[in-house]
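What follows is a single chain, given as structure tokens, in the form predicted on its own.
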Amino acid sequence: MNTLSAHKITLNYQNKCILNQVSLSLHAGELVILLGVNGAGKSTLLRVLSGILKPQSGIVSYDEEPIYPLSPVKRAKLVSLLHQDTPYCTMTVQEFVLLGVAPYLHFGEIPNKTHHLQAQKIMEQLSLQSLQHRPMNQLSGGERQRTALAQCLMTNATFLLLDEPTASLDIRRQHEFLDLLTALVKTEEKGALVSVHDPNLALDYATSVAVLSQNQLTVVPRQHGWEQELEHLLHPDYSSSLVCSPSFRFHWISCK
């Protein structure tokens, strides 16, 4: 089985520990939700897993092969990172999606007919075909996020790392995006690690949840009683005001 693994990752920045002995395994066919407060190190962890950042110690591997010795082009074919901020530019949707084939092109080469057909298929899959000639700066937040996801899919990478893709979306668009991602994970045999802020999204979509707190990571698989375990793990950062109800939904109890 295709597996992206982090083993005892430690990363310090400006004399501050960001990640301390963090380990995680992501398998194809899994959608893992990453939770943590602002500044917990979620974006840093995703960049380490993509190979963009190299930690002081520990190793990231793809099917037991370390990724850091690989060239950026080879890493891009294995792992695709969707950043928090999708570019607000005049590039059209089609042009932006086609950038995803860059790892497969030689210097000076342009996308060929096969690449264009692949882009058309992906844009249709993500309901972007009617927007393909529209500039990115004329799209809604949800449309730009779907376009960024389409670019990630163009790389044919097995693993998708998504950094707060639902942050700027309303509740309907959040669920539409994660419904779409869930279907892709199942039908395309992708592995996805997605950072979000709402723990209820984790309950709705995750095959397991990774909680990043105080520089360390704890993974909770979907199983009986996992809601209470998540509540316990989230309390140190969110306080006991964050409560999981008997109906297994998180809500906030005001201290006033």
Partner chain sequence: MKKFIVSLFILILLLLLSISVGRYALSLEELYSILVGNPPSDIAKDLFFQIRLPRVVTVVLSGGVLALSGLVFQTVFSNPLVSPDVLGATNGCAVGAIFAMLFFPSLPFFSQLSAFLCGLISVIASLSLASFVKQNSLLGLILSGMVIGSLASAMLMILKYCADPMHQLPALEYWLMGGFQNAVWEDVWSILLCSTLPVIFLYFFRFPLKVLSLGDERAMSLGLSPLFIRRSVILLATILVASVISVAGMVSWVALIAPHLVRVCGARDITSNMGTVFCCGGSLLLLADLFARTLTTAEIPVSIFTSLFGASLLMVLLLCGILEHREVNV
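Treat the numbers as computed from the prediction; the structure is a model and nothing was measured. Residue numbers count along the first chain shown, from 1.
We do not show the form predicted together with the partner chain, though everything after this point is about it.
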Practice task
Classify H27 as contacting or not contacting the partner chain in the predicted complex by the rule of any non-hydrogen atom within 4.5 angstroms, answering yes or no.
Solution key: no
Problem - 4.5 Å heavy atom contact, L160 to the partner chain in the predicted complex - result: no
Exercise for the section: Although the partner chain is absent from this view, report whether E143 comes within 4.5 Å of it in the predicted complex, heavy atoms only. Expected result: no
Exercise for the section: Check whether L128 has any heavy atom within 4.5 Å of a heavy atom of the partner chain in the predicted complex, and answer yes or no. Expected result: no
Practice task
Please state whether every one of the three residues A167, V220 and C244 places a non-hydrogen atom within 4.5 angstroms of the partner chain in the predicted complex.
Solution key: no
Exercise for the section: Counting non-hydrogen atoms within 4.5 angstroms of the partner chain in the predicted complex, say which of L178, A76, M123, V185 makes the cut. Expected result: A76
Problem - Any residue of 32 to 54 that, in the predicted complex, places a heavy atom within 4.5 Å of the partner chain - result: R47, I52
